[in-house]
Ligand SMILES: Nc1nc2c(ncn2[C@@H]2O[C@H](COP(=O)(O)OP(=O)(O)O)[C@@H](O)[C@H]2O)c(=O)[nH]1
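Have a look below at one chain only, the form predicted on its own, in structure tokens format.
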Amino acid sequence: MFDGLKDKLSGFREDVEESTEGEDEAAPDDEAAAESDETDASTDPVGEDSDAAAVETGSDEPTADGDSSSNDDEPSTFQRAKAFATGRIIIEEEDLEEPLWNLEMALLESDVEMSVAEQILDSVRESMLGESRKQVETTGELVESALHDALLDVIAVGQFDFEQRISEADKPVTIVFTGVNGVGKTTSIAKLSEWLADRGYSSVLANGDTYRAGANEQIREHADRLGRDLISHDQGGDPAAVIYDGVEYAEANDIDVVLGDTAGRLHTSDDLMAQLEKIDRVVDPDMTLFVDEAVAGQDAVNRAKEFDDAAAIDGAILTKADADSSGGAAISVAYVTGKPILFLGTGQGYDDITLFDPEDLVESLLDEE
């Protein structure tokens, strides 16, 4: 899963290691320069003070007209030599310029949304620039730490404990599912019903997709296979009324969770979006989850944002994550919408649904096995 993105992140690590090799090789000469400077300074008290000031301020000795001969944001030769003499090597802008460019292209090629890619790059740059790496450490370790924090910052936006929310909420908990046609929404409902059952929660399915011919038959097949009750009306009925009936049924039968399907729609489908608004008014669901395919990449990210703008989603489920090499949607959805990815669909079976863990995903992307 997400192997293509994993390879690209590994490529960034290798790029930075390669760009700093020349610095490692040149460091002994810098060390000698540092020793020479220190020797000169020991015989000249004034020189010692001025050199100390230069190291303290990060600049070279001022010129006669008062201008500094080096950029305050970049380590001076003397600083680099001193760093090496104490067992450290400083990461500079020139070490990161080309690797960061390559990383940006790699992220965009993996369907990571542009603002998300820029945030990752800024975070990595801020974390690494001017960092002094101990010689006993590897540059790869420094890169991995910077990437870990940058990725986690964008992936974990809005994250909450789904099971804890179910556990603590008044019952029945009502969850409505929305998204475009053909992305695995109804199957995801069946999978989540099984996931809840494995944790001791009962559920009822409510088919609010009264728009599509064959929708009742599709969800009924899942309900029969899983041994779940299904609330449904005839095609063309009121979706809000169906899900409301599901809530009343759950209350009367002491069922923990109502899982409400809705018709697949685009955010521009005014009549279907009006249905969602009515469901929200009539049922007041505890959560609205957006479902899309991980393999849709940038399209899934854009749709998640559009649906959140139109219907205020609480989280997302990405299906077909096992078939996605790019990983762009998994990286981007939470940051773009401010709402978390909660589950990944990883296969065809009812057990093939995984609770989304940002830390686990980041570790898997950076694992060099």
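Numbers follow the displayed sequence, beginning with 1. What you see is a predicted model; the values in this text were computed from it and never measured.
Another form exists, predicted in complex with the named molecule; not displayed. Remarks below refer to it.
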Query raised in the report: So in the predicted complex, does residue 159 come within 4.5 Å of the named molecule, heavy atom to heavy atom?
Result: no
Query raised in the report: Counting only non-hydrogen atoms and a 4.5 angstroms cut-off, does residue 218 reach the named molecule in the predicted complex?
Result: yes
Query raised in the report: Wondering, does residue 184 line up within 4.5 Å of the named molecule in the predicted complex on heavy atoms?
Result: yes
Query raised in the report: Is residue 228 a contact residue for the named molecule in the predicted complex, using a 4.5 Å heavy atom cut-off?
Result: no
Report task. Name the stretch, out of 117-125, 248-256, 186-194, 98-106, where some heavy atom lies within 4.5 Å of the named molecule in the predicted complex. Result -> 186-194
Requested in this report: May I ask you to list the residues of 290-321 that have any heavy atom within 4.5 angstroms of the named molecule in the predicted complex, in sequence order?
Outcome: 319, 320
